[in-house]
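A single chain, nothing else alongside it, follows as structure tokens in the form predicted on its own.
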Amino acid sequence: MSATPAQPAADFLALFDARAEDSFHEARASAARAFAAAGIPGRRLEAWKYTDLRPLAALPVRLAPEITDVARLAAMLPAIAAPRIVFVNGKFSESLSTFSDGKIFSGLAAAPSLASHENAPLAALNTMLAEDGAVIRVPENVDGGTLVLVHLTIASVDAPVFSASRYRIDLAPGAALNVIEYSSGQGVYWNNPVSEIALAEGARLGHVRIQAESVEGFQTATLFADLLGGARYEAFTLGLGARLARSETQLRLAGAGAIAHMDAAQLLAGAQHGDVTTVVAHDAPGCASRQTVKNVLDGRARAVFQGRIEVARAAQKTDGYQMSQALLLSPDAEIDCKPELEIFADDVKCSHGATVGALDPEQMFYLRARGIPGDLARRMLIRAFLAEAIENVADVPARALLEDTIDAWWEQGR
């Protein structure tokens, strides 16, 4: 059941009815029917009990316009020396992109099909209205290097806008790729991307996501990933933008010996709300998953971590672990943590934990007693808290961009 009024859903359905049919119309129509029945998720749903989407439901429904100011957009790109694919308001920007190898990258129209994702209302909404996207394929036993995927959302001066893009990454057996996904924007908007990842036997994907949206904007990102035998998925998500953001990952370990490491960090201040939700399904034996989520919260910020590990009866020798750690810099900050384990196998090693605390006054005193100013001492302790997660990012350009993004966040007076 949804707690959200029906009118916003009706407005989105009207946009779908007005769009021209394409090769994905059957999947889009199926998603539209599912979205019409479910609407925008409300807090009566267990998976959404900690994140209230009513502010999104109050936004006027309008697709994002085309932006042609190249100089303005170029100034928003991340400073990293790697090939990049840029999307502006959900549409591919050839002038800002520096990657044109058709063997690896193609537009959404090249996808053989479009999954409707009927059981995930916001992903179904994306299926209905996504105008563009990327299909990234790496052939067997090829190392695709590092690729930057940039999403920029620019709102109109007079009205909020809605943007939806679709991304698919397919790695053939033994293939490897590092993807740095960066999202930013200006103004009031709702960015609702969907990513789909398929890793064949022995493939490896390093995936760093940096959510630096406008502090007036909203982002609801959904990621679906399937890993076959021996595949490895190494992910890190940094969230520090948006008024409200939710990063949801649904990952399936479908082949024996697959491994997934999914770390995340959220740096929130003011009245920001950040939600990290993961569902990891262990469907094959001998698989391992690791999740560590670190939150730094100031002001009246609120963070959510919902981590669910599902172990099927056939998934013997499963090794699953999740940890949530929060550092509260204000008495008004809040963290909601809900770890879950659902285990049907009998030979497994699964655990979860959570910690919540403030800066250690003894550590602060130690640093201050050695002449370190209070603001710098505070910053040093927070960076030490985050260091463990960031150090696990193996790709050097990605780790450097993470460090630079966090430094920029501090320079804004946090």
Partner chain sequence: MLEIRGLSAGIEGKPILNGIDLTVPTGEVHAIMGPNGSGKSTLSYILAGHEGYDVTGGEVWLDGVDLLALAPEERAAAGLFLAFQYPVELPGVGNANFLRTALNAVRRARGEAELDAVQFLKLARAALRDLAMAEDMLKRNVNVGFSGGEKKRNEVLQMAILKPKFAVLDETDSGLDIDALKIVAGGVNALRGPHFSALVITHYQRLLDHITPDRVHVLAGGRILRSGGPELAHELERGGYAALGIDATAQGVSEANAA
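All of these numbers come straight from a predicted model, not from anything done at the bench. Residue numbers count along the first chain shown, from 1.
The form predicted together with the partner chain is left out here; the points below concern that form.
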Point to revise | Partner-contacting position among R368, R62, R33, K49 - heavy atom within 4.5 Å of the partner chain in the predicted bound form | key: R368
Point to revise | Among the candidates A58, V70, L376, A37, the residue which, in the predicted bound form, approaches the partner chain to within 4.5 Å (heavy atoms) | key: L376
Exercise for review: Look up in the predicted bound form whether E362 has a non-hydrogen atom within 4.5 angstroms of the partner chain, and give yes or no.
Suggested key: yes
Review point. For A358, is any heavy atom within 4.5 Å of the partner chain in the predicted bound form, or not?
Key: no
**Study point:** Residue contact check: A27 to the partner chain in the predicted bound form, 4.5 Å heavy atom
**Key:** no
Review point. Is C350 close enough to touch the partner chain in the predicted bound form, meaning at least one heavy atom pair within 4.5 Å?
Key: no
Practice item. Choose from 341 to 349, 383 to 391, 41 to 49, 62 to 70 the stretch whose residues reach within 4.5 Å of the partner chain in the predicted bound form, heavy atoms counted. Key: 383 to 391
